[in-house]
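Just the one chain here, the form predicted alone, laid out as structure tokens.
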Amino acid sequence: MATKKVVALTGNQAAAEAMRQINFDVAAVYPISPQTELMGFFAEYVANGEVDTDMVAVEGEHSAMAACIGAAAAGARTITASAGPGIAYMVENLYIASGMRLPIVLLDVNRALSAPLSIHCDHADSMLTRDTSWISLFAENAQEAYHHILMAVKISEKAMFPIIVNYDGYIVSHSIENVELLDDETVQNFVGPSGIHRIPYPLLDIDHPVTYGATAQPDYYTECKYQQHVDFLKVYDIVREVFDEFAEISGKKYDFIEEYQTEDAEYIGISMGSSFGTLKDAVDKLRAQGKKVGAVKITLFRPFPRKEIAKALSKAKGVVVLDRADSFDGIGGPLFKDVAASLSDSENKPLLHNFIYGLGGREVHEEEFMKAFERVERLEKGIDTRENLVEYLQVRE
């Protein structure tokens, strides 16, 4: 077991500390709130000579990911970070990075998308990335952000897919909490050494030349994507393997989902990110009233943990699916559709209802989640009726 110390840190400071301990070869950076201070903290480590990282200041987020693609293809251990509109700007290159099977770490400090302009948190930016073939983890707090970044490097390099670590802007990124840090030596041993032979086909291995960025005509493009599809399904086993390895050094066991009081729950709420603590508080208050309710947190968002979700909901009568983003498609938010698809082969068919909450950083309280549980119970019992599968919490009258 590693040597540990507890330090009061913001989420961005905890993320920067993880980056320092990993000692990435290349960090391509461009400022955007609420991510800006993250790379500012890391820049101090670079300036003080505490890391060997080449920190590349680029002219925009599209260029940041382009720089990461080139560096990763050359064999460098590579990271970048962004938020909101910055994620939107780099989306084109996200597809390129995953299609080339490059191990890159991206930290998404979640931020809403315009219009209207908001620099505060929701998950709209993460939802832009959900079909890009990037592995995606959601952290609830600074501790998880720190842990997820350490694991992300190993997951990405084992799977040969890029990976996103999401944590909520301002709510996690700028709030101070106690974070248990591992010692540097343990982290270095866990992530392993860098170097171009860390990936199977490095661009700078001139004794074994390779091509990156080739064109695939219609007679071969499908086969390329099929191979990517098949290999992405292998990510489940790799993530679980790394989670188990990390538990051995940290004492913290992660899983694809986290369940809270679901064993006998008739109604279960599902959320991602920082709101899970509030959701658990709502469950506790309803339990005190004699209600059989529970909660599930999604940690692994891509690939989606459909089997685990189906098992967790196998006895539920009703499900509250909480989305911090709206798809504007008349069906429901992205998480809602993922949960619904996960139950397609399940014998149990609970009533599913979608609630949009927390957009643009609006604070959410347990009373609002309690109302969502009450609404689903009334729908399931036939007391209430509905015209749509989705409704908004927190709308002022």
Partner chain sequence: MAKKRPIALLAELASNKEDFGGMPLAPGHRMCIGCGIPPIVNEVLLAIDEPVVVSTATGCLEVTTGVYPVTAWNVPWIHVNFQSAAAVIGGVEAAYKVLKKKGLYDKEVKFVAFGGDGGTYDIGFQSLSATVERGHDFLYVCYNNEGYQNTGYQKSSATPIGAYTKTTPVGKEKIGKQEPRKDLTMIMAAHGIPYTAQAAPHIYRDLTKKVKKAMSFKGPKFINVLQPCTLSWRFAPEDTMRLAKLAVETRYWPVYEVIDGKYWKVNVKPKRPKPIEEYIAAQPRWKHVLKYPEIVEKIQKEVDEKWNHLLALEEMSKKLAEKEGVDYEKLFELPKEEN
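Positions refer to the first chain, counted from 1. Keep in mind it's a predicted model, so treat the numbers as computed, not measured.
The form predicted together with the partner chain exists for this protein as well; it is not shown, and the discussion that follows is about that form.
Exactly one of the stretches 310 to 318, 141 to 149, 275 to 283, 214 to 222 approaches the partner chain in the predicted bound form with heavy atoms within 4.5 Å, and it is 214 to 222. Within this chain, Glu177 is remote from the site of the partner chain in the predicted bound form, having no heavy atom within 4.5 Å. Although the partner is absent here, Asp52 lies within 4.5 Å of the partner chain in the predicted bound form, judged by heavy atoms.
Contact check for Ile206: a non-hydrogen atom falls within 4.5 Å of the partner chain in the predicted bound form.
In the predicted bound form, Thr10 stays away from the partner chain, with no heavy atom inside 4.5 Å. Checked against the partner chain in the predicted bound form, the residues Val26, Met370, Leu359, Leu352 give one hit for a heavy atom within 4.5 Å, which is Val26. Site annotation in the predicted bound form: the residue of Ile135, Ala265, Val153, Ala71 reaching within 4.5 Å of the partner chain with a heavy atom is Ala71. Using a 4.5 Å cut-off on any heavy atom, the residues of 182 to 196 that reach the partner chain in the predicted bound form are, in sequence order, Ser194, Gly195, Ile196.
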